[in-house]
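Starting off, we have a lone chain in the form predicted alone, written out as structure tokens.
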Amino acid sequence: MKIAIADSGAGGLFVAKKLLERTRAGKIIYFADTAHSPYGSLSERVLTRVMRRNCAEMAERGAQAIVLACNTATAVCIDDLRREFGHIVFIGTEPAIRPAAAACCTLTVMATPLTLAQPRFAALLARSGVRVNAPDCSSLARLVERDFPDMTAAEREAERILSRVPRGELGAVVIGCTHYSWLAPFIKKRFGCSVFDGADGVVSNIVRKCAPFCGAADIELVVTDPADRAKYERAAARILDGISR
């Protein structure tokens, strides 16, 4: 099965990396929509239109499954996309609220404002039954995308954001944006807290729904802003080099 992983930029590469580390095989179309990055800054109407167009292109490229490696796109669009592209398997990304809530009674969720505003996300929180902090992380995805793979500025901003949460109320940190996944090791080390990332669950879902994987590991890149292509080619080469070792 040909799988497309779609995101507004570097966040979904974290999912692609974890998937290839687990399977050591398979062809992935990586769709980096850097022309519209970050998705969390778009309106629901614009994001839905962009995702419909992107999914149509991925389908034309032979994708039989599309992974929305973006919490915001999943929360806003996945139900509409499943209705419109009924022949394609869609796999979404959601914050790991459930396992985090099972381990800790207070959570700090790092997500975009658009994700936080979605009924789908509100229902996820309501079912958790725990106290939740949701600091303003609206500046963070742009920094990750701008400097990737250098996380220096993004780490400073993550530290500023989380330092504003009273230390006794931080609890466990839940990553609610795949761009922020690259910051998880830094957050865990700097704040000494548990960090829950939904990427592992997404990968498990892909493996379950889209197996078998076969052939050499390969990433076919689609980058909507040509100015970003060289950066993504280097990133894909590093991921594949790590898989081959």
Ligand code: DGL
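For clarity, every value in this text was computed on a predicted model and none was experimentally measured. One rule holds for the numbers: they count along the sequence shown, beginning at 1.
The form predicted in complex with the named molecule exists for this protein as well; it is not shown, and the discussion that follows is about that form.
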Requested in this report: Flag this candidate site as yes only if Ile97, Phe121 and Asp197 all have a heavy atom within 4.5 Å of the named molecule in the predicted complex; otherwise mark no.
Outcome: no
Report summary line: Answer among 37-45, 59-67, 187-195, 208-216 for heavy atoms within 4.5 Å of the named molecule in the predicted complex: the stretch 37-45
Query raised in the report: Would Val76 show up as a contact with the named molecule in the predicted complex if we use heavy atoms at 4.5 Å?
Result: no
Query raised in the report: Are any of the heavy atoms in Ala141 no more than 4.5 Å from a heavy atom of the named molecule in the predicted complex?
Result: yes
Query raised in the report: So in the predicted complex, does Cys177 come within 4.5 Å of the named molecule, heavy atom to heavy atom?
Result: yes
Query raised in the report: Which residues, if any, of 89-112 lie within 4.5 Å of the named molecule in the predicted complex when only heavy atoms count?
Result: Thr112
